[in-house]
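Here's a solo chain for you in structure tokens, the form predicted alone.
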């Protein structure tokens, strides 16, 4: 267990390392000052290619786990399947890790802001999911 200060950790899983890192940077930047929830990108494959990696996701979840739960947001397709498989294994991710159904960018920002404000895992998951309702017109 690392990261933390009792805050929910956030893992951002993308098929691209650059996308995961960029969304993490955006979410951290928009979360404002004060305490910042631990955020870790898990993008691409270990050799730098496009795809998803159970190894990278597991390492990122361990990095942000402070004991308050870990919210895992994913971009699409096999990222969802990989995280579901890790959760089904039961011992690959920290206890309390949860796949959150949310839009990747908007959900990541909402999750990091809520977690940084001290929201629990349910509040973080709800805030991220509510990002589906953000209107852009």
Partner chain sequence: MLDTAFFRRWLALAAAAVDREADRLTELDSAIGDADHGSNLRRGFASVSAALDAEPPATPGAVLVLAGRQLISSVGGASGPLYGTLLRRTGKELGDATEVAPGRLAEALRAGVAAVAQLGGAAAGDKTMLDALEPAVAALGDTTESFAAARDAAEAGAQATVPLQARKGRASYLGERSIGHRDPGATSSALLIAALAQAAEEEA
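Residue numbers count along the first chain shown, from 1. No experiment lies behind these values; they were computed from the predicted model shown.
Form predicted together with the partner chain: not shown, discussed below.
- Residue 32 falls outside the set of residues with a heavy atom inside 4.5 Å of the partner chain in the predicted complex.
- The closest heavy atom approach of residue 95 to the partner chain in the predicted complex falls outside 4.5 Å.
- Contact check for residue 86: a heavy atom falls within 4.5 Å of the partner chain in the predicted complex.
- Among residues of the shown chain, residue 59 is not one whose heavy atoms approach the partner chain to within 4.5 Å in the predicted complex.
- Highlighted residues 51, 78 and 81: every one comes within 4.5 Å of the partner chain in the predicted complex, counting any heavy atom.
- Comparing 32-40, 65-73, 86-94, 101-109 against the partner chain in the predicted complex, the single stretch with non-hydrogen atoms within 4.5 angstroms of it is 86-94.
- Contacts to the partner chain in the predicted complex (heavy atom within 4.5 Å) from stretch 106-136: none.
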